[in-house]
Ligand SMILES: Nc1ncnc2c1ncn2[C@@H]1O[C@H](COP(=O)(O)OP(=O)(O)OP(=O)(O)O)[C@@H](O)[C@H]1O
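Okay, here we've got a single chain as structure tokens, the form predicted on its own, with questions on binding and movement later.
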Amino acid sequence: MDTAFELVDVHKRFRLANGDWNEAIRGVSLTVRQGESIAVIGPSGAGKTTLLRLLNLTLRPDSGEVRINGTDPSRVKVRALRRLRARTGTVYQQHNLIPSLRTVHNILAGRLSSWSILRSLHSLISPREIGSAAEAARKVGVLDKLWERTDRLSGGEQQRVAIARALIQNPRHLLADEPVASVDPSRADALITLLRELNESEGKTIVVNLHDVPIALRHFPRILGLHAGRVFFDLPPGEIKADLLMRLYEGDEDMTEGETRAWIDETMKGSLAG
């Protein structure tokens, strides 16, 4: 099976406001095969978002190598780099939609990088490639909302529009950063099921950051646990037990040790509930 992403001893750090440095990713080596479906879990500040931004090439490592489909982006020219980036679509926790525009316009925003400025401006008045937008909307279940203003949609529908915007790029890989954080629990499973269906029906590589550990354990065949910028474990869900999660989330600033233990007990029950 072809390699979608490969990280080799990658480090990435950021300068803090006080002048100190925070090493968000520390010596991560990782291989993701084409068509795999992976959930990334870990406490706040573990480096999950930084990892995704390295995969979609919005960040470059300070050291080590990131390869996309076997290609090192630091060794290609601008046009080839643009094509390489287009292979990966990203869905963020904040949908980054334009509320006052219709769904069709927000979906077509995924094509802006491949359009000229003139074509982009024309499309705001009279949408281009409506058929492609409609097909992307159909895949995510919002075809009936194609001509509605996006601010009139529910949070779950808006997240589906954001996924459709990524799909219209026809990416080989789809990354999602906390895609269910802003939707209610009843819709969270449906959104993750949608991503997994895209993985299974179209062979797209899926890498998803999740705070909701039960959903990760229920839906994904491979779970990556990050802690303090390092890979803490890389396992199938059946091998992830309560004590391992306790060590992964140990020291989480958002919870006391007792709260962490109680949360993990509920997490393990929740992972079986689906």
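Bear in mind the structure is a predicted one, so any value in this text is a computation, not a measurement. Numbering starts at 1 and runs along the sequence shown.
The form predicted together with the ligand exists for this protein as well; it is not shown, and the discussion that follows is about that form.
Q: Would residue 93 count as a contact of the ligand in the model of the complex, using a 4.5 angstroms cut-off between non-hydrogen atoms?
A: Answer yes; at least one heavy atom of residue 93 falls within 4.5 Å of the ligand in the model of the complex.
Q: Are any of the heavy atoms in residue 45 no more than 4.5 Å from a heavy atom of the ligand in the model of the complex?
A: Residue 45 belongs to the contact set for the ligand.
Q: Quick one: is residue 49 in contact with the ligand in the model of the complex, heavy atoms, 4.5 Å cut-off?
A: Although the ligand is absent here, residue 49 would touch it in the model of the complex, with heavy atoms inside 4.5 Å.
Q: If we define contact as a non-hydrogen atom of the residue within 4.5 angstroms of the partner, is residue 24 a contact of the ligand in the model of the complex?
A: Flag for residue 24 set to yes.
Q: Only one of 189, 178, 129, 157 has a non-hydrogen atom within 4.5 angstroms of the ligand in the model of the complex; which is it?
A: It is 178.
Q: Though the ligand is not shown, can you say which of 241, 33, 247, 211 has a heavy atom within 4.5 Å of it in the model of the complex?
A: Here the answer is residue option 211.
Q: Based on heavy atom distances of at most 4.5 Å to the ligand in the model of the complex, which listed stretch, 63-71, 212-220, 233-241, 37-45, is the contact stretch?
A: Selected stretch: 37-45.
Q: Using a 4.5 Å cut-off on heavy atoms, what residues in 186-201 are near the ligand in the model of the complex?
A: Residues within 4.5 Å: none in this stretch.
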